[in-house]
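There is one chain below, alone, in structure tokens, taken in the form predicted on its own.
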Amino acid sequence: MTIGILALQGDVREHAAAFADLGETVREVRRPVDLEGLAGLVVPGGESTTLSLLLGSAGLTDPLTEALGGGLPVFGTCAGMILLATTVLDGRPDQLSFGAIELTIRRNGYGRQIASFEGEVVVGVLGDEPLPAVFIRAPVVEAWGPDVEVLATLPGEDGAVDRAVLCRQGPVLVAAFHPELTADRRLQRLFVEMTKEERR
């Protein structure tokens, strides 16, 4: 099977290396034809409005919309999470949103580049050992629908409610952080298992 990495912007090489570490075949996706035959697709971080424009100029917006509508498993990180959400706050009026997972997302919700940080999150489905998480101009999940499973949260500051940072809805997995920037491959392995579930 082949995992596609949307290769228009972001940590393409790092995502590809993470799945290669697991022995998976990887294909960079730059054109509509690159979507053919994929078991799953990774939508990396970057700048979400720029990614919107690049998807359009590459002719990928409609083919990707169709693929997601057909149940293609997808893993969105940071800007990828924004692109896959149903509602985007603080974006441009023409902000692209595929609506693949019922989330309301606020762009740069944790602050600008200088506010980037590293931490750990506990992902119950991955075991008790915390998962290292790198947050870079990360989006904030403001709300989620009833079919969304929150897999990990960050403690809220000053008594605020915990913030969802890893969510799943069916074949869609999204993270507010960058798992490709650490050596822990458990989240990538989870996505590989999701692609196998969809083929059963």
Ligand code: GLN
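As the structure is a prediction and not an experimental result, all values here were calculated from the model. We number the residues from 1 along the sequence you see.
From this point on, the text means the form predicted in complex with ligand GLN, which you will not see here.
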* Location of ligand GLN contact in the predicted bound form, chosen stretch of 142-150, 59-67, 42-50, 23-31 [non-hydrogen atom, 4.5 Å] -> 42-50
* Asked: A85: heavy atom within 4.5 Å of ligand GLN in the predicted bound form?
  -> no
* Asked: Heavy atoms within 4.5 Å of ligand GLN in the predicted bound form: does I136 have any?
  -> yes
* Asked: Should C78 be classed as touching ligand GLN in the predicted bound form when contacts are defined as heavy atoms within 4.5 Å?
  -> yes
* Any chance N108 has a heavy atom within 4.5 Å of ligand GLN in the predicted bound form? -> yes
